[in-house]
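The chain that follows stands alone, in the form predicted on its own, written as structure tokens.
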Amino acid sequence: MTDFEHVSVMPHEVIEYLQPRAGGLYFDGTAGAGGHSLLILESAPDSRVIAVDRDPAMLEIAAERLTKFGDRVTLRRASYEDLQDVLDELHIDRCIDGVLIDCGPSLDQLAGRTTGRGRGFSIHGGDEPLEMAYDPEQSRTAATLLAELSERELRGLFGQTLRGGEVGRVVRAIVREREREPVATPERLTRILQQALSFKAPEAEKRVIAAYAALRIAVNEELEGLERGIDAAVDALCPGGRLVLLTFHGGEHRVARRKLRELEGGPIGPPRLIGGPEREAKVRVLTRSPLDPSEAEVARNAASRSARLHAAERV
């Protein structure tokens, strides 16, 4: 067995809202180490899971962990936004019983412990290549974005996670330093960010990590992919099928809430506009306020602290 252990976030809440049934078909949009797929398969006899991930190393781990379920599990290298294409490839009707989208990358994946060498996700990554791509074959990397984006584009990128005054200092430092030599390793990027942000520890590390998160989000087009993934999931669900989303930072929280409100239907435009057009209702939102992890879970797994669970049912 691979020496790897990943703790699934909010496992009991995921099963409570997904409500896997015997014989049902479920789509796990982020296979990771296979933890959530394992929970679905164990909780519902004869259920089947299609699990996808962009990282081939994670798929290998999931395959090993789920091998005992045989043909009840299908693994594919893809993103959750490719759900419809995956179903077409497998000749499966676009009517499935549940979809789980876990937006959070594995901490072991980010640290490089699944591949033997990291991809520049960590501020302590040293001389690793500054890639930050979940898909190791992807051409768009953190290094290419830092080299090619304009100052205005960089401001928009870092504005996703940094505070107002921090954005300008970080962008000016990167633009200045990239003229001297490319920003191609975590060691160089971390040094630039530390100097630009100039906070005392441990606040300095938190702000540098926030800047790294902004780059990772942009490299993997996480927010745009989440929007497309939610639309694809809702279109694939049978009536009564459930969608469960796990989000981990403010941008993801906002996308999930906004998309589910839109898909719930209702007036387009000001609410007092009488006779105005209305959106078709596609879902019933089950979580008016996203669920937080329990105190007990956070005590066991500090990485779950920022998680939020959103759920909806296809109408």
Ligand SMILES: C[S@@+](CC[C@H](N)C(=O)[O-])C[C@H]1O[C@@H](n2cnc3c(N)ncnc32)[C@H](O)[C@@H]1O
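Quick note: we count residues from 1 along the sequence shown, nothing fancier. Not measured: the values here are computed from a predicted model.
The protein also exists as the form predicted together with this ligand; that form is not presented, and the subsequent description refers to it.
Enquirer: Evaluate residue 184 for contact with this ligand in the predicted complex, applying a 4.5 angstroms cut-off between non-hydrogen atoms, and reply yes or no.
Expert: No, residue 184 is distant from the partner.
Enquirer: Residue-level contact is defined here as any heavy atom of the residue lying within 4.5 Å of this ligand in the predicted complex; does residue 48 satisfy this criterion?
Expert: Output for residue 48 is no: heavy atoms all beyond 4.5 Å of this ligand.
Enquirer: Examine residue 106 and determine whether its closest non-hydrogen atom to this ligand in the predicted complex is within 4.5 angstroms.
Expert: Contact check for residue 106: yes, within 4.5 Å of this ligand in the predicted complex.
Enquirer: Taking heavy atoms only, is residue 212 within 4.5 angstroms of this ligand in the predicted complex?
Expert: Heavy-atom contact with this ligand at 4.5 Å: absent for residue 212.
Enquirer: Is this ligand in the predicted complex near all of 142, 158 and 251, within 4.5 Å of a heavy atom of each?
Expert: Zero of three within 4.5 Å in the predicted complex.
Enquirer: Can you check 258-266, 285-293, 66-74, 33-41 and let me know which stretch has heavy atoms within 4.5 Å of this ligand in the predicted complex?
Expert: That would be 33-41.
Enquirer: Who in 136-174 is close to this ligand in the predicted complex, meaning a heavy atom within 4.5 Å?
Expert: Contacts from 136-174: none.
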